[in-house]
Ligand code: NAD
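Okay, so here's just one chain, in structure tokens, the form predicted alone.
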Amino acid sequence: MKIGIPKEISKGETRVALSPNSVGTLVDQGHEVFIETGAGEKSYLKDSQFEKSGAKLVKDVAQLYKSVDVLFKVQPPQIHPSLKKQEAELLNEGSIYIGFIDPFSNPDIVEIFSKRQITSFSMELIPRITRAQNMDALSSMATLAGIRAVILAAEKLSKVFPLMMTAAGTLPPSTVFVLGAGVAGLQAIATAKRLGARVEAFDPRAAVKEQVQSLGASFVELEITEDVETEGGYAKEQSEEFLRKEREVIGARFPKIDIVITTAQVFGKRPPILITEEMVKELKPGSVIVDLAAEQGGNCELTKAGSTIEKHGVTIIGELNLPASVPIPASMMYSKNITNLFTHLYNKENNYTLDFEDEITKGSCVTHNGEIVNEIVRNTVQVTN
């Protein structure tokens, strides 16, 4: 197949969908790879590196779209600033798209894909199963976001992280409280521990207690329980009564906390509010909150997406797209994920045809043959056709 990699056009995006190493893998499998000139420059990847791996450089992005059967992207399609046209409409009819789509927030893209007979795969929808771990871009990016969250917090905190015993006196360690022990939360815990902080973690899933403790953190337990995960391994929306109890348990720890890192998100829904304004007032002056759910609405009532603010003496960080702040590992990991997904979907063994009996194919495919084939998207997203 002919695979195209355009330059990402979203503001602040530094990643590229394919690395030179993955280009070599695909070329060795018999595919042709076309990449827009300069697509990797923000990830510190030179055009010459892509050429050496077997890619063909294309200066004209419109020509790139016309030349390929498959398009790999990071960010969902949007209006191209120079072509003044939606990227989804630049694709050839009947072609293939693989990348993040965020179908619940972008029904217009889903509609364009459907109308133009484009077979699309959403990296957000890859099932959380063992076979798909090497394709799970959400987990890869969450790993980096968890690390970066702690670094950002350390930069803004009015204290140092580790216990220090000096001639001028003893400095107690900072206490970091991580809300949510998924991929991002566990990486945040591990990073904070490496920096010498005392770490506590909260998660409504009692099953993650052992993982939290294995990293050296204390686990804050919730006495009541509720089914908080979907069959696919994503978080479920919780009842208001359950959230109220969560806030009570979390808030009780706040007077002793220096940094709070929130990671709670609900698949296809607004994240739960875990920190109210009244709870923020309970934190010590000079404390920091890093809200990793900021882009979807935030876990803190005061979070402003894309901004860092100070309220009641507390710094609240709502930075967006933290993986893009470390483009070298982010591009490398994403490239591996998308290449593994593509080679799973289309390979010699299945004669380069899709197997919709396969859980990964069925779960990640959004549109095919002019229809919305993903059940969750079809039941959630409203389109006109």
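Quick caveat, the model's predicted, so the values are computed rather than measured. Residue numbers here begin at 1 and follow the sequence given.
Beyond the structure shown, there is the form predicted in complex with the ligand, which is absent from this document and is the topic of what follows.
This chain is displayed alone, yet in the predicted bound form one of Leu195, Leu243, Ile147, Val280 has a heavy atom within 4.5 Å of the ligand; that residue is Leu243.
Checked against the ligand in the predicted bound form, the candidates Gln265, Thr303, Ser287, Ser114 yield a single residue with a heavy atom inside 4.5 Å, and that residue is Gln265. By the 4.5 Å heavy atom rule, the three marked residues Phe342, Lys362 and Val366 all fail to count as contacting the ligand in the predicted bound form. Segments offered: 312-320, 22-30, 39-47, 348-356. Contacting the ligand in the predicted bound form at heavy atom distances within 4.5 Å is 312-320. In the predicted bound form, the ligand sits within 4.5 Å of a heavy atom of Ala181.
Interface residue remark: Ala293 is counted as part of the site for the ligand in the predicted bound form, having a heavy atom within 4.5 Å. Although the partner is absent here, Ala217 lies well away from the ligand in the predicted bound form, with no heavy atom inside 4.5 Å. The ligand in the predicted bound form comes within 4.5 Å of no heavy atom belonging to Pro103.
For the stretch 186-223, the set of residues having any non-hydrogen atom within 4.5 angstroms of the ligand in the predicted bound form comprises Phe202, Asp203, Pro204, Arg205, in sequence order.
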